[in-house]
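The chain that follows stands alone, in the form predicted alone, written as C-alpha cells.
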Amino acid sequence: MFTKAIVRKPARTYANGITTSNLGKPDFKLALKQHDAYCEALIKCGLKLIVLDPDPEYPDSCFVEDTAVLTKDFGIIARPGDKRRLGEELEIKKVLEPLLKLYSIEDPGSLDGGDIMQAENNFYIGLSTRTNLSGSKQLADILTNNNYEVYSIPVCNLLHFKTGVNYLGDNNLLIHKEFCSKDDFKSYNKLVIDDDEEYAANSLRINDFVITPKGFPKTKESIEKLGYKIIELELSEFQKMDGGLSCLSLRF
C-alpha cells in the first residue's frame, strides 16, 4: 500500500531534455496540464504528494523515478546513467532523508530507477545503457541484505526495464512482446503488449487503481478483464521525451 509520492513539475527548459523518440518538440503548456492531471490521479489513488518546484538546470528532472529506488522501509539514492542528469538525485536525497533510512549508489556504479521493478519480495534490475554492472551489484547487495530476492536481467532495444515490463500485482505482469528476456518471467501471468501499443507497457498500479496512458484500447481491455479499476491519462508530451507513467513519481 502506497501512501506518499514525490513529483516535480516540468521546468521551462523541459524541451531541452534527452530524447530518442523522434515525436517532435513537446508543448510546455500542455505538458504542465498533463502533469497536473497526473498529480490529480495520484491523489485519487490515495497518495499524499510532495510536490517539488521545477528545476530548469535539469530539463529531465520531472522524471523523478530515476533518482531513487524506494521500499516501505528504506530508500536507495540512484546515480543517473546519463551524465547530463547527475545531480538530480541530490535534492531527492534531501527530501527523503527525514522520511526513510537511505543508502546510495556510488561511482563507478550507474543506476536509473526506471530500470528497477519490484514484484512483492522480488526485485528485478535491468542492465541497460543507464544501469551498469557496478550499479546493479551495489543495489543487489543492499536489497539482499534486507531480505529481498534480486534478479539482474539484460534490457535490449529499450531505454529502461520498465519501458517494457511492469508488475500490476496479483502475479500479473505487463510485458512488451519484443522484450528480450521473457523466459525470466515464466511464473507470472503475462499480458503481452503488441508493437502498436508498446507505450502502454508502462502502466502503473497504485493501490486500488491501474493508471494507463490514453489511446491504447487493447491494453486497457486486457487490464480491465483482470478486474482492475483504470484511470486513463493523456501523456503525449511526456512520450515525446521518452517518459512514461512510472517515471513521473517516486511512490512509497
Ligand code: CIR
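In case it trips you up, residue 1 is the first one in the sequence shown, and so on. The model shown is predicted, which means the values in this text are computed figures rather than measured ones.
Only in words, not in the display: the form predicted in complex with this ligand, which the text now covers.
Handout entry: Partner contact for Ile230 in the model of the complex: this ligand, 4.5 angstroms, heavy atom
Key = No - in the model of the complex, heavy atoms of Ile230 and this ligand never come within 4.5 Å of each other.
Problem - Ile105, heavy atom within 4.5 angstroms of this ligand in the model of the complex - result: Close contact is absent here: in the model of the complex, Ile105 is far from this ligand, nothing within 4.5 Å, heavy atoms only.
Problem - Interface membership of His176, this ligand in the model of the complex, 4.5 Å heavy atom rule - result: Outside the cut-off, so no.
Handout entry: Arg130 within 4.5 Å of this ligand in the model of the complex, heavy atoms
Key = Judged by the heavy-atom cut-off of 4.5 Å, Arg130 is in contact with this ligand in the model of the complex.
Problem - The unique member of Leu159, Met117, Leu143, Ile92 whose heavy atoms fall within 4.5 Å of this ligand in the model of the complex - result: Answer to the contact question: Leu159.
Exercise for the section: Given that the partner is absent here, state which listed stretch (189-197, 56-64, 211-219, 22-30) has heavy atoms within 4.5 Å of this ligand in the model of the complex. Expected result: Looking at the partner contacts, the answer comes out as 56-64.
Exercise for the section: Pull the contact list for 1-31: residues with a heavy atom within 4.5 Å of this ligand in the model of the complex, in sequence order. Expected result: Result: Ile18 alone.
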